[in-house]
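What follows is one chain in structure tokens, specifically the form predicted on its own.
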Amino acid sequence: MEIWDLHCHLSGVPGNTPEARLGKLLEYADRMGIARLCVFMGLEWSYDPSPEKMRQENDEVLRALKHFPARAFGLVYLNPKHTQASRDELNRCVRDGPMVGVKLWVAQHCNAQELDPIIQRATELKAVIFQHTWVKITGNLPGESTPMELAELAARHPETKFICGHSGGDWELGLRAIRPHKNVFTDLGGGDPTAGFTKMAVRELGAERVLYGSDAGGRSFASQLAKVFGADIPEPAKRLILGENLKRLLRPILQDKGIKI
């Protein structure tokens, strides 16, 4: 089966340049039989990037993508606190560039009204929205979103395709929070390969709404693939999770860009 990894970063990977780091990620991916990677954010993480920092990080990803156009896709990293700058970056990197989606992290709670103009523009461009979510027992970061907040955003934008990053960390809560919203898919990436995670995701959402991601280089490809290969689910469900679902999500924007898959 062809495996596509939804969730990769240039940080935490050896190399002095963006292309060197993506090359190293692909070297590791080849060992595990992973065909394509989705990459976002720059060489160093920034929690609340200025417009200038946001552009720099996206430039680093664009530089990496240029060296491996057949193996990697990019998601544009945006900060909703800077609405116009984010829309400008969305146009620059998605409309006029090779990127195929949006990455939102911890600068702003995702149920805030400031996100609406960004989501509307992304939807016009057929870009998927990857929103980091977490429920931390020690308390979330000041702008860190929960799956419950993503559910609010998804209800306001029923035509947009959202991905719930990490399934909220506390995946038993996260999966149930997004379950009613058919336009929200879930990401298995990050965290330990805990027994029952993937099986519950398939039971609660259906296999068609579950996506394999690794969170490399913060996590290994092998440990995250184990969540799928070791799950007590049918083989056709594993095929959907490991690649077919992501292909289906990205197909409209890839067709618009003339990219065959």
Partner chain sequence: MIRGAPVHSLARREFLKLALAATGAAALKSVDAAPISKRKTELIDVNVNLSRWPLRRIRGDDTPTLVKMLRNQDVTQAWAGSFDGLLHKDISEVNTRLAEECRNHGRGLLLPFGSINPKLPDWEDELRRCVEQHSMPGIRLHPNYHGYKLNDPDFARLLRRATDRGLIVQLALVMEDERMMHPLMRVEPVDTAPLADLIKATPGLRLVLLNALGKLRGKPLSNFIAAGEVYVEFSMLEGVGAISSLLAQVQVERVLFGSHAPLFYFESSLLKLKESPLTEDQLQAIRYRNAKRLLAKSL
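Fair warning: this is a prediction, and the values are worked out from it, not measured in the lab. Positions refer to the first chain, counted from 1.
Although it is not shown, the form predicted together with its partner chain is what the next lines describe.
S.K.: Since the chain is shown here on its own, which stretch among 114-122, 70-78, 93-101, 166-174 would lie within 4.5 Å of its partner chain in the predicted bound form, judged by heavy atoms?
M.R.: Result of the contact check: 166-174.
S.K.: Looking at the partner-bound form in the predicted bound form, is Ser50 within 4.5 Å of its partner chain by any heavy atom?
M.R.: It does not: once its partner chain is placed as it appears in the predicted bound form, Ser50 has no heavy atom within 4.5 Å of it.
S.K.: Looking at the partner-bound form in the predicted bound form, is Met54 within 4.5 Å of its partner chain by any heavy atom?
M.R.: Contact with its partner chain, no.
S.K.: Using a 4.5 Å heavy atom cut-off, state whether Asp232 contacts its partner chain in the predicted bound form.
M.R.: It does: once its partner chain is placed as it appears in the predicted bound form, Asp232 has a heavy atom within 4.5 Å of it.
S.K.: Would Gly12 sit within 4.5 Å of its partner chain in the predicted bound form, counting heavy atoms only?
M.R.: Contact with its partner chain, yes.
S.K.: Only one of Leu62, Ala207, Leu225, Ala35 comes within 4.5 Å of its partner chain in the predicted bound form by heavy atoms, so just point that one out.
M.R.: Comparing distances to its partner chain in the predicted bound form, the residue within 4.5 Å is Leu225.
S.K.: Can all three of Arg31, Trp134 and Gly196 be found with a heavy atom no more than 4.5 Å from its partner chain in the predicted bound form?
M.R.: Heavy-atom distance to its partner chain in the predicted bound form: all three under 4.5 Å.
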